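Take a look at this single chain, the form predicted alone, given in structure tokens.
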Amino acid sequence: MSRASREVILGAVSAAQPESLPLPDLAALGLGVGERPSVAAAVAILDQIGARVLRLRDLNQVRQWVMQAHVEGASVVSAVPGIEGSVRLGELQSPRDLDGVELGVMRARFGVCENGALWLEESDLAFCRALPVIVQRWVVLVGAQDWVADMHEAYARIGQWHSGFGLFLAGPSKTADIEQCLVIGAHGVVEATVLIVDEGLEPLA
């Protein structure tokens, strides 16, 4: 496709955009009223989809848990300040250098109570977008206070940041397409752990 053709197509798409409309009033639709999903609901969903959830007091307990959790001799990479790994993200030349890394430790901005999803920003992954999907096992830290009730609140919060890239994580990779048999780790992460930390996590900018 030539540059001129590309500009014509993009111009036509831009000209065909409908006028912006205000978002609907959720209360008028009966949403966001009544009993709100709780962190307990998120824990139940994460358990159901194959993720492990632990409640820890502070970063000291997190460090102890990470030391005990990784297989001796296995490589560990961490994007969380204060949690050291055997592989340093700042020294990597390419995401391909993470091939074979066993355990990745990350920090979520917040969790969503209604579905257990965790929101990670590119800047909090040391700008390594491949980190959550290339390691064999991931561990995601989220503050006990950093939870929203539903996806409406989640998208309102996402709009506060402008890192350019982010993603929701929930559990290990899985598929049941072949012979109706559920396979964990089919496309990536084999094991997922969510650590809900009560105190000591610094606010993310």
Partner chain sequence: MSHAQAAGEFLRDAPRTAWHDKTLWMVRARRDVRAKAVPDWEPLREAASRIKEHTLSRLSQYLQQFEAAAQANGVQVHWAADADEHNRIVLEILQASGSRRLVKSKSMLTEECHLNGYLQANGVEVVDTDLGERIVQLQNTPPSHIVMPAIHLRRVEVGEVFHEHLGTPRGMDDATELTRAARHHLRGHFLHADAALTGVNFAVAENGAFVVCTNEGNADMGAHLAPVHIACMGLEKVIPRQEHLGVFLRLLARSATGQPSTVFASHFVRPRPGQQMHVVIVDNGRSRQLAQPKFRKSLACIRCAACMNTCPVYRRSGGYSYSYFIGGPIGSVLAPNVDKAKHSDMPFASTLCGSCTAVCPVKIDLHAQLLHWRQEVVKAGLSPWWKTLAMRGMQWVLRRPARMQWAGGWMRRFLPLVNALRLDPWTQSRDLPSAPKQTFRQWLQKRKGGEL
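Since we're looking at a predicted model, the values are computed, not measured. Numbering follows the first chain given and starts at 1.
One more form of this protein, predicted together with the partner chain, exists but is not displayed; see below.
Counting only non-hydrogen atoms and a 4.5 angstroms cut-off, does residue 175 reach the partner chain in the predicted bound form? Residue 175: yes, in contact with the partner chain in the predicted bound form.
Residue contact check: residue 96 to the partner chain in the predicted bound form, 4.5 Å heavy atom: Result yes; residue 96 sits at the interface with the partner chain in the predicted bound form.
With the partner left out of view, is residue 65 within 4.5 angstroms of the partner chain in the predicted bound form by any non-hydrogen atom? Residue 65: no, not in contact with the partner chain in the predicted bound form.
Would residue 143 count as touching the partner chain in the predicted bound form under a 4.5 Å heavy atom rule? No.
For the stretch 136 to 173, I need every residue with any heavy atom inside 4.5 Å of the partner chain in the predicted bound form, listed N to C. 136, 150, 151, 152, 155, 158, 159, 161, 162, 163, 164, 165, 166, 167, 168, 169, 170, 171, 172, 173 sit within 4.5 Å of the partner.
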